[in-house]
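What follows is a single chain, given as structure tokens, in the form predicted on its own.
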Amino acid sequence: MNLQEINEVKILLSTTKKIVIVTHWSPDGDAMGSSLGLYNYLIQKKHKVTVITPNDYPSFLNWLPGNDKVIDFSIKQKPAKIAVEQADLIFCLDFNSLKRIETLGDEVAKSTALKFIIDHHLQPEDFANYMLHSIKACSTCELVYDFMILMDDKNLLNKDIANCLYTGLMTDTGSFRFPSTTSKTHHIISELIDAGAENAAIHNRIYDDNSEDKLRLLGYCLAEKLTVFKDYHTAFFSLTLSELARFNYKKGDTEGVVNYALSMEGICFAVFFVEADDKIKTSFRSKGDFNVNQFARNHFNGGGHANAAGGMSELSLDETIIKFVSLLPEYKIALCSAKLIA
């Protein structure tokens, strides 16, 4: 944002507005942390704020302050559509294309409201009036913190906002171990803790409150579903709907599973394929300079970050895996020469 845009937004937010906040399909910690962090900031400025998600999100995020005010578009379309239609301003958080919010994107696209993207993914589409975007940011929560600073509202940073933003910073950096973690990340974390963020409690709520079924599903993935292609420095997991049902799957139960494949010695490319009702969802992770964002865009109608991306396939699970394996020879040189972080 340039100085003129910052001043324009300050003026916009100086009087009460009807504001809608939307985030991407299958929201994660950064999506919900940034959305509810922004929500808790804007209500202090006396705005009428509605948070809308395209679908449900993991129950381990339900403790976030403001969670009870969130509208799930897949269940409550009418109130969500009314909110979007009546909005003066729509904040689009943690996504770079209206395709990422599925049919909710159609409602946002036809809305006459001013639109504001806050996001850190590669290659954002040009559909907004304002944009706070940086691929150097470790998370969208970092950018929401930056937004408050740009609005000269650091004094409004309270415990509720701090807990929300800490959640996104923690989850999107892999508990501060990914290369996206910078000195700025830790500076913001210190500010959030000073403002009341319960860092230990947040970690426990998200990572240390697992159901027996979730742990048994992870064990099954590791013991039975791991496939390794050493020649391509690649490993992947796959799960069918029947396998998910066997372990009483709940949303969020497979989050982070792909990282176990990536943690193996010599592996720089990991994938997780999971069967959904009408498509195959794919999660791509990499180490070093192997670009999974481009891989996902080229072959699986997806995208994201250079080292973490998602996609989908309309083929069957078996056909999707066959397609994926057939692509590996094309990338063998890149995979074998990937420069890994020491």
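If you're wondering where the values come from, they're calculated on a predicted model, not measured in any experiment. Quick note: we count residues from 1 along the sequence shown, nothing fancier.
This next part talks about the form predicted together with a small molecule, which is not shown.
- Heavy atoms within 4.5 Å of the small molecule in the predicted bound form belong, among the stretches 41-49, 313-321, 279-287, 55-63, to residues of 279-287.
- Contact check for His299: no non-hydrogen atom falls within 4.5 Å of the small molecule in the predicted bound form.
- In the predicted bound form, the small molecule lies within 4.5 Å of some heavy atom of Ala308.
- When contacts are judged by a 4.5 Å heavy atom cut-off, Gly304 counts as touching the small molecule in the predicted bound form.
- His233 falls outside the set of residues with a heavy atom inside 4.5 Å of the small molecule in the predicted bound form.
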